[in-house]
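Presented below, as structure tokens, is a lone chain in the form predicted on its own.
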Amino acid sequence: MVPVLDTRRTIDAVWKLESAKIIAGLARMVRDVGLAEELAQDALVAALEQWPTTGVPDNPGAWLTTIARRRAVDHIRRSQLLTRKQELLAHELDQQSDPEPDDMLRLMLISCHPVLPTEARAALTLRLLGGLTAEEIARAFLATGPTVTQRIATAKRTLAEQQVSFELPGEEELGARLSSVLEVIYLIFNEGYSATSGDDLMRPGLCQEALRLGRLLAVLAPREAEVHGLVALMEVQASRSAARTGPSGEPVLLHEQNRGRWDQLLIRRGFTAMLRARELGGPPGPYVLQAAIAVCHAQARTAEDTDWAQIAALYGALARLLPTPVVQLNRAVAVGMAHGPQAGFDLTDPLTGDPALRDYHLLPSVRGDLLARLGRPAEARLEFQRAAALTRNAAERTFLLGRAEALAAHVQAGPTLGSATRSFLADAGLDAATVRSYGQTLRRLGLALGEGLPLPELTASQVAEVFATAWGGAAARTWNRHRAAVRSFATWAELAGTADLLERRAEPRGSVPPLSPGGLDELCDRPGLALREQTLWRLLRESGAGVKAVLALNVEDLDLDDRTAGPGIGWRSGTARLLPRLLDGRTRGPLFLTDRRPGPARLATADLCPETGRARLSYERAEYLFKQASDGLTLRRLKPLKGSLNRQLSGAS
């Protein structure tokens, strides 16, 4: 008998290799991704039960496929589908041992369907096509297992509710649908290549998974140039992995990398994929152009040999095809290398007011590099400090602070925006609520302009530009609150005229009308909306209770049968349908929980759920999420008018 541990390892390995093909074939049969995965999991359970006793079959993949298909046929028969369909499936079970190649392409198109939010597409793709568990995906993206599980479950439910077609689209539509698949695969690769958060610069596992998916897609869609372009781009970029970090994990800039450490096998694979893309002809798309840029870098034996003029021209073509702020920023880098730092720096000026790059750390990083090359070290240091404050990746933050520190000798001593802000909040005699409110405003000012900005250099035009970018579309009340914070700070710091360009906005008078029932339904029906938000918003609407009172509820307060939670809080069928799913078996602790567990310093709080370890959802976070979903509305807008509430309660069943 084979040892149980060895058998389990074999099953894990087989599942990694075969699960995507099995699920793809089942999805074609049952027309439901969630059900297909459940049936495949049934086959896996059967293997875990039988193989330790009977031994691993000669063809384990075929064994799993056969068991899964039998489960599918049983399910369809139980569902009493047409006899003809049963006969067709039974014949297929007998005749077909391997899934059709189209099954895998179909599964890719479904898991990356545009009806799903981007983060849900990535999670579902890694789950169905990568065979990763929710915990593995969570570790890769620094999320929690329950969060990823909920994303995947919501994605499957959305696909079913939206009745997404399981048929392959026609040739004309296929190209448009493939763009979503390419976007997800490249997103996965980029998260591995330049991790947005955490301690490490890279997550190699995600890069390898994206490469595997890209190569598979190239086999499934061999006539699509953009597919081969993406594969070429990822192969060449991945070839630099070993040279991208130094001995301590610090980033190494491209022009400083040891090119002898670049992986020549991956470079050759990238060149081959690029040749395939070119052979297919047609105007180059975004991925083919980006691959051409990567090939230019790979062809240069040294950094000095790089054809920056050609790269700048390619970025110009890419910017015309895909005029996004990030592409424009990359073009500025290339132009700065090809035609001098001033030319590149001039291209970054229009980007500083773009809201899409407000918190993008690479914008001040690029500007800092160009300013340093222009011989303006004090300004360069400020930009590097801004970039370090914006990044969530520890390795990048350390690297950027090091670059800023190297320029410290060129900076005159004196009060800075950051030091003055801290002193103001500590010494101005403000109450706790005002400190919190003013702190939000001044922190945004520091992120946008740099905490190291010498205080005397803070100008009214700089402040006005930050306000236009950060709060230009905000409600009058929000704008005026931030304006009051800057005016108070300017008065304290004796900065005359700093807020002169910020005009007070007229605030609407009278009571705020509630959000219409149709408006709430529209918000709650959005794909990918978390169950927690759906439940909270429905409960606020149906109960008419205050936001803080609802957020303070504990599971023990609920009477699900009576649809009440103490005096004054009751709900109707909309909330009643959602609450059991939200509780998910919990019997204690706060009703509404945060997405993640709190850090070690907060473990002593009394508002922790004893069953999940997560904390109570805060008013500020709940308000922020509703504003994001509703284009700036507050949770107060969910409270119905009194007459409407009375009608609701009298009609409750």
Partner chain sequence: MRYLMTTNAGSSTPDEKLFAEMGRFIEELTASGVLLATGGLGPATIRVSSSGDEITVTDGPFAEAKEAVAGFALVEVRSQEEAVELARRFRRIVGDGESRIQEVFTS
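Predicted, not measured: the structure shown is a model, and the values here were computed from it. Positions refer to the first chain, counted from 1. In this text, the rigid core denotes the largest set of C-alpha atoms whose superposition between the two forms falls within 1.5 Å.
Below, we turn to the form predicted together with the partner chain, even though it does not appear here.
Novice: Answer with one of Arg261, Arg577, Arg223, Arg443: the residue that has a non-hydrogen atom within 4.5 Å of the partner chain in the predicted complex.
Specialist: Checking each option against the partner chain in the predicted complex, the one that comes within 4.5 Å is Arg261.
Novice: Considering the partner chain in the predicted complex, which of Gly34, Pro52, Pro590, Pro60 comes within 4.5 Å of it through any heavy atom?
Specialist: Exactly one residue meets the criterion: Pro60.
Novice: Against the partner chain in the predicted complex, would Val56 count as a contact residue? Criterion: heavy atoms within 4.5 Å.
Specialist: Taking the distances in the predicted complex, the answer for Val56 is yes, it comes within 4.5 Å of the partner chain.
Novice: Going by a heavy atom distance of 4.5 Å, is Leu265 a contact of the partner chain in the predicted complex?
Specialist: Yes, Leu265 sits close enough to the partner chain in the predicted complex that at least one of its heavy atoms falls within 4.5 Å.
Novice: Wondering, does Arg636 line up within 4.5 Å of the partner chain in the predicted complex on heavy atoms?
Specialist: Arg636 lies outside the contact set for the partner chain.
Novice: Does Ala13 reach the partner chain in the predicted complex if we count a contact as any heavy atom within 4.5 Å?
Specialist: Residue-level check for Ala13: yes, a contact with the partner chain.
Novice: Using heavy atoms only and a 4.5 Å cut-off, decide whether all three of Glu18, Gln208 and Arg269 touch the partner chain in the predicted complex.
Specialist: The answer is yes: all three residues contact the partner (heavy atom, 4.5 Å cut-off).
Novice: The chain here is shown without the partner chain. Which stretch in 183 to 191, 214 to 222, 372 to 380, 279 to 287 comes within 4.5 angstroms of it in the predicted complex, by heavy atom distance?
Specialist: Looking at the partner contacts, the answer comes out as 214 to 222.
Novice: Can you tell me which residues in 227 to 256 come within 4.5 angstroms of the partner chain in the predicted complex, by heavy atoms?
Specialist: Only a single residue, Ala242, comes within 4.5 Å of the partner.
Novice: Superposing on the rigid core, is the Cα displacement of Val56 between the shown form and the other one 2 Å or more?
Specialist: It does, since the Val56 C-alpha is displaced 2 Å or more between the shown form and the other one after the core fit.
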